[in-house]
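First, one chain by itself in C-alpha cells, the form predicted alone.
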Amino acid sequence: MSFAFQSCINYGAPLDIPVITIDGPTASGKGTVAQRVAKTLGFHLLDSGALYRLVALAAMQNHIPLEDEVGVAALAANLPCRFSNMRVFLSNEDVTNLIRTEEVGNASSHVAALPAVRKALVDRQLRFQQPPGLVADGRDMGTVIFPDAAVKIFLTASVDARADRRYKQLMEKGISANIDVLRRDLADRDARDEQRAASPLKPAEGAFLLDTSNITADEAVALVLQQYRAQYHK
C-alpha cells in the first residue's frame, strides 16, 4: 500500500478511480479506520486533517493571526510541506508529532472554518486521487472534495468515547492531558465544525452512518470493507 504521502505541491490530474470517503468528527476513529482500510485494499490514503493542521502550525510559527483569512489562505496555497515514509515535514522540519498536539488541533479547527483556506486546499487534495484507489479521511471528503465517490462513510461516536480515546492516544505519546478539558474541547470543536459556513461537518448524501462508540477498530474496518465490496463486487 502507498499512503500517497507526497509533496504538497500540485501535480497531475485526478483520475476516475475508486474513492472511499471517511468523514467524521475529531477522535471518532476515522484516521485509524482509514489507514487500515487503505492498507487492506492497497489504496492510497489522504489525511486531509494533516493539511489543515500544517496550515495552522505554519500560521502560528509565522505569527499570522488565525482570524487573518487572507494571510492564512496565502500560506495554505504555498505551504512548504511534504509527506514521506509516514512522516510529515514542514520546511524540512519533521512535525509529525507536533501537528497532533491539542494546541495545533484546536488552531486547525479555527483555520478550517475560513472559506478562503478551504478553497486553497481543494485542488491539492484532489491530486491524491491516484491508481489503484484512494481512501480519503476528513470532514468534507464526501460532501465537497469527492462528492461522486461511490462509497461514503460517516464515522461518529459519543463525546465521552472520543475524549477517552484521545486521552489514551496522548498519554501513549507521552503528552499530558486532562480528560475533562479534552471533553470540553471536543464539544467546542464539534460546534465549530458543524456550524461553520464553509463545508460544515455533516454526513454526505447516501453516506453509510457508522457509530464507533461501542465497537472495535477491527469491527469498524470490517463494516467499511463490507460497504466497499457491496458496491464494487456486486
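Just so you know, these numbers come straight off a predicted model, no measurement behind them. For every residue, the number given is its place in the sequence shown, counted from 1.
The protein also exists as the form predicted in complex with 2'-deoxycytidine-5'-monophosphate (DC); that form is not presented, and the subsequent description refers to it.
Trainee: Want to guess which of 62-70, 33-41, 193-201, 168-176 is within 4.5 Å of 2'-deoxycytidine-5'-monophosphate (DC) in the model of the complex, heavy atoms only?
Mentor: Heavy atoms within 4.5 Å of 2'-deoxycytidine-5'-monophosphate (DC) in the model of the complex occur in 193-201.
Trainee: So, in the model of the complex, is residue 163 in contact with 2'-deoxycytidine-5'-monophosphate (DC) at a 4.5 angstroms heavy atom limit?
Mentor: No.
Trainee: Closest heavy atom of residue 49 to 2'-deoxycytidine-5'-monophosphate (DC) in the model of the complex, within 4.5 Å or not?
Mentor: Looking in the model of the complex, residue contacts with 2'-deoxycytidine-5'-monophosphate (DC) include residue 49, since a heavy atom lies within 4.5 Å.
Trainee: Check whether residue 152 has any heavy atom within 4.5 Å of a heavy atom of 2'-deoxycytidine-5'-monophosphate (DC) in the model of the complex, and answer yes or no.
Mentor: Judged by the heavy-atom cut-off of 4.5 Å, residue 152 is well away from 2'-deoxycytidine-5'-monophosphate (DC) in the model of the complex.
Trainee: Would residue 141 count as a contact of 2'-deoxycytidine-5'-monophosphate (DC) in the model of the complex, using a 4.5 angstroms cut-off between non-hydrogen atoms?
Mentor: Taking the distances in the model of the complex, the answer for residue 141 is yes, it comes within 4.5 Å of 2'-deoxycytidine-5'-monophosphate (DC).
Trainee: Taking heavy atoms and a 4.5 Å limit, what residues of 92-119 are near 2'-deoxycytidine-5'-monophosphate (DC) in the model of the complex?
Mentor: In sequence order, 100, 105, 108, 109, 112, 118 come within 4.5 Å of the partner.
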